[in-house]
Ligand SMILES: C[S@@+](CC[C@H](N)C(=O)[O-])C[C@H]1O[C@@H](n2cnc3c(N)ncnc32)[C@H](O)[C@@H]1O
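Only one chain is given next, in structure tokens, and it is the form predicted alone.
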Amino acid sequence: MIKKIISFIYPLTRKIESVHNGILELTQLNGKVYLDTANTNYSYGSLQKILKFSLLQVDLSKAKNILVLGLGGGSVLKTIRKDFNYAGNITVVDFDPVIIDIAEKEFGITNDEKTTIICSDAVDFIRNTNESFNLIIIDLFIDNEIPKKILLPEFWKEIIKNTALDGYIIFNTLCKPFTDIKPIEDKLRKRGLDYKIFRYVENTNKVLIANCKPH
């Protein structure tokens, strides 16, 4: 409680080292805790607003099964559950055990009967799963860069395969530094899938949203 009160006067920052994500920063400011890296917000700041904007563009009313690739501090889970009153199943995949530990200890994000958190590489998971998802959210960063393997057509082939008919894909990426998603657009067009790109969401991010319903 004392730290929370102090955070209204000046921010309190604690640094945690991760083999996969480098130095992570937990900052308490104005009573709220944010998870950041050196160059970007991982949870509970602008990222949460970006993902909420993205979720407003899709229809969750019939979704029974959601896959989130990239946990961060778990802010997207709280947005889905609280802001959209979603009561279906959510599977979360993150390859960094430090991130998973932070999400649990700092933000209360844990496994329950409707939420499954898996420590795994996203590429390996999507290649090996046989599940079909009504929504797949791809929010995979190492600091402020998208891992190159996430941009490959092979990865997107598996993403599309595991998205239910008339399901959605949300891909959160960056305007600066520029992320080239043209190969992904080409892949979606070849499969006959509708998609939209929203640029400079919260003045920073580029979001691709695809509907897996062929023309």
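None of the values given here were measured: they were computed from a predicted structure. Note that residue numbering begins at 1 and tracks the sequence as displayed.
Not on display, but discussed next: the form predicted together with this ligand.
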### Query
Quick one: does residue 111 come within 4.5 Å of this ligand in the predicted bound form, counting heavy atoms only?
no
#### Entry: Interface membership of residue 86, this ligand in the predicted bound form, 4.5 Å heavy atom rule
no
### Query
Is residue 136 a contact residue for this ligand in the predicted bound form, using a 4.5 Å heavy atom cut-off?
no
### Query
Is residue 67 close enough to this ligand in the predicted bound form to count, meaning some heavy atom within 4.5 Å?
no
### Query
Of these, 147-155, 59-67, 182-190, 161-169, which stretch puts a heavy atom within 4.5 angstroms of this ligand in the predicted bound form?
147-155
### Query
Which listed residue (126, 102, 140, 90) meets the criterion of a heavy atom within 4.5 Å of this ligand in the predicted bound form?
140
### Summary
Restricting to 102-138, the residues within 4.5 Å of this ligand in the predicted bound form through any heavy atom are 120, 121, 122
